[in-house]
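Okay, so here's just one chain, in structure tokens, the form predicted alone.
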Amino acid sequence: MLTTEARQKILAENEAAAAELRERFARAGTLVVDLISSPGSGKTALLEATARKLAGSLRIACIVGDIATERDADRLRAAGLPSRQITTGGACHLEARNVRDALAAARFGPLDILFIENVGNLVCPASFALGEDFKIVLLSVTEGHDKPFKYPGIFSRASVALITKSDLLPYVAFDVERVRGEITTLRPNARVLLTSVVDEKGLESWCDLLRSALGEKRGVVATA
């Protein structure tokens, strides 16, 4: 078990690497989004749908973290989203050095948006900066509505919360308003979107959010 001193050293080293990445992405004008959730919440499916929506309009790519296999990266590449897999071999989260090394190996070229699909876990990834502009937490309706207060670390850090698989709401016990209330208690300015890749509910709002965040990063003022 890590001592407090050892953990602080690891986090400090990670933050230094993340700061270098943040500067690099700022110079390139690349929006970087870190997606965090439990396994099976729909991160990969969301990115497949996002790739279809943004195809031809924005240059996008993804770094994928998993304990084993390249299955998610294979799925994303098949959907037209250039992807680089990081296989952690047991580690429950990605670190900034993993992202740096993956970028060097991938050679994506100029990007508008880089997605980082973190290892499926609501705990460890919350503490590690990856040079991202913001973290997004996904919660599927099949997981139950008690998660925000059970995992306050990620729900208090994530700027955006996506409630996924909303097409299943008629068939599961999931209180959307309770979840909204808990999320906004933990992070009052969080944006909460209800989404589904099956009926495409909320996907346009999700893509609009990405376009807006990219414009803000580049100092582009949206006009009506």
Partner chain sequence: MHELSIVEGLLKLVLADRAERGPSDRAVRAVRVAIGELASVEPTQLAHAWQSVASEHGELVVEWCRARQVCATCGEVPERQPGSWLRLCPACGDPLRVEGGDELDLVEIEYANENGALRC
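Predicted model only: the values in this text are computed from it and were never measured. Numbering follows the first chain given and starts at 1. Rigid core: the largest C-alpha set superposing within 1.5 Å between the two forms.
Another form, the form predicted in complex with the partner chain, is not on view; read the next lines as being about it.
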- If we test each of H145, R77, K135, H93 for a heavy atom within 4.5 Å of the partner chain in the model of the complex, the one that passes is H93
- Message: I need the one stretch from 50 to 58, 193 to 201, 173 to 181, 25 to 33 whose residues put non-hydrogen atoms within 4.5 angstroms of the partner chain in the model of the complex.
- Response: 173 to 181
- Query: Wondering, does E13 line up within 4.5 Å of the partner chain in the model of the complex on heavy atoms?
  - Reply: yes
- If you check in the model of the complex, is A126 within 4.5 Å of the partner chain, heavy atoms only? yes
- Query: Do L186 and the partner chain come within 4.5 Å of each other in the model of the complex, heavy atoms counted?
  - Reply: yes
- Touches the partner chain in the model of the complex: R71 (any heavy atom, 4.5 Å): no
- Query: Can you name the residues of 4 to 23 that have a non-hydrogen atom within 4.5 angstroms of the partner chain in the model of the complex?
  - Reply: T4, E5, A6, R7, Q8, K9, I10, L11, A12, E13
- Core superposition between this form and the one not shown, C-alpha change of C207 at least 2 Å: no
- Message: Superposing on the rigid core, is the Cα displacement of K9 between this form and the one not shown 2 Å or more?
- Response: yes
- Assert for F155-K9 (C-alpha, 3 Å or more) in the model of the complex vs reference form: pair closer
- Query: Between R157 and K9, does the Cα distance in the model of the complex come out closer or farther than in this form, changing by 3 Å or more?
  - Reply: closer
